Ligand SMILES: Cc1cc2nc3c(=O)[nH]c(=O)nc-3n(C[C@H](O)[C@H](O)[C@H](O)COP(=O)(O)OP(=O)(O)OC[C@H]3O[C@@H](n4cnc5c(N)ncnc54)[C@H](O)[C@@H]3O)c2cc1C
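Only one chain is shown below, in structure tokens, and it's the form predicted alone.
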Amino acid sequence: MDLQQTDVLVIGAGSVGSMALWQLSKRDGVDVVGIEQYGRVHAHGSYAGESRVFRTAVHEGGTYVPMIRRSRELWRELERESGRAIYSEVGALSIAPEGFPDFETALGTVRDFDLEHRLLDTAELRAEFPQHRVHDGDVGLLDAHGGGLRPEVAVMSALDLAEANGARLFFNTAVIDVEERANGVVVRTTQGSWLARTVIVASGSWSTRLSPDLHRLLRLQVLGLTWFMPRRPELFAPDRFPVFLRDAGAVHFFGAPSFDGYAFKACTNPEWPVFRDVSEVPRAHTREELIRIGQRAAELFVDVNPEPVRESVHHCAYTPDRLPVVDTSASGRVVTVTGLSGHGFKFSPRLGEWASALATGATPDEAGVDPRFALPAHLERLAVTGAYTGGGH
């Protein structure tokens, strides 16, 4: 069997893989190859869907703040290098009843890390953001450095830059298996086989197919996206309508302003079960689900037509505690990054930077990777709790 050779091979060219390829391609003397089972920037990955919420006032707690800060720097770097607009810093507005747990956690985060923000009471919310139907007792947290990311543009930009820097990218090429050997890692694909010094597995929801150990840890959760047309779309333009997280009782909505000029993104997920493999994930909302989501949207936003103008269904690999997996094999030859748990695109540049460092010889300590992200630490926690939590953004 003839083996093509490279220094670092990246499996997956989506959220993390594209960023790792971009970072690796800037390293002198490192030959880089990327393998993607679909085409360049496709609709099947977890990142697809026009926009993603970027927050510094995270309700998941302070663990993520250093990652977010570094990612914000890298998003701007990617914009400068590509010449494309990727990160629209329109602010991120959280609205919830006073005392709501996630809101209180986010509030603690901004205070602990001295993040630029504003607090708004019910009257201020109604006056400044008339697009929302604000309930009595609702309060708001406006994250000044939050905003909207354009994921397809981001992935395309990272891949274009990687290729311009010399990376070799192969699309519509499925990986069959990965085998560690004494002299490197063999990656067999539908278009031939490779021998790489190190391999980065960044295949998202498909990670369990290549890494059996992940079967114990990861579950796929469904992320449904919907867009609605308001009667006054100018009120939902980026300069007037921040990205948002909205909690009202048991209902959670998240979304983004109108980047297309006529519809804004407002999403809430039906109660789908968790899945083990991508092949099991539904491809669309049911009619009943769309009616219910539209009714809820009309209850939370002013003058919105409750029929979605478009919808799509995606998936993401979740860990029990929603911390990502950033791990290396015992030999150090295989780096795995997965388990972004519905909120990871915002810090994908940092994850790609870590993967690049680990694949070129850095230890996790040298790269600054949180030890809780290692697969053994995840499995130890799973053995204790055995619990999964849902949600995204």
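Predicted model, so just to flag it, every value in this text is computed and none were measured. Position 1 is the first residue in the sequence shown; the rest follow in order.
What comes next is about the form predicted together with the ligand, which does not appear here.
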Partner contact for Y47 in the model of the complex: the ligand, 4.5 angstroms, heavy atom:
yes
Please run the contact check for G352 against the ligand in the model of the complex: heavy atoms, 4.5 angstroms, yes or no?
no
Would you classify L340 as touching the ligand in the model of the complex, given a 4.5 Å non-hydrogen atom cut-off?
yes
Indicate whether I293 is a 4.5 Å heavy atom neighbour of the ligand in the model of the complex.
no
Please identify, from 96-104, 113-121, 76-84, 172-180, the stretch that has a heavy atom within 4.5 Å of the ligand in the model of the complex.
172-180
Quick check on this chain: which one of V53, M67, A357, V33 has a heavy atom within 4.5 Å of the ligand in the model of the complex?
V53
Which residue, P308, G184, G204, P242, is the contact with the ligand in the model of the complex, using a 4.5 Å heavy atom cutoff?
G204
Hey, which residues along 314-334 are within 4.5 angstroms of the ligand in the model of the complex, non-hydrogen atoms only?
H314, H315, C316
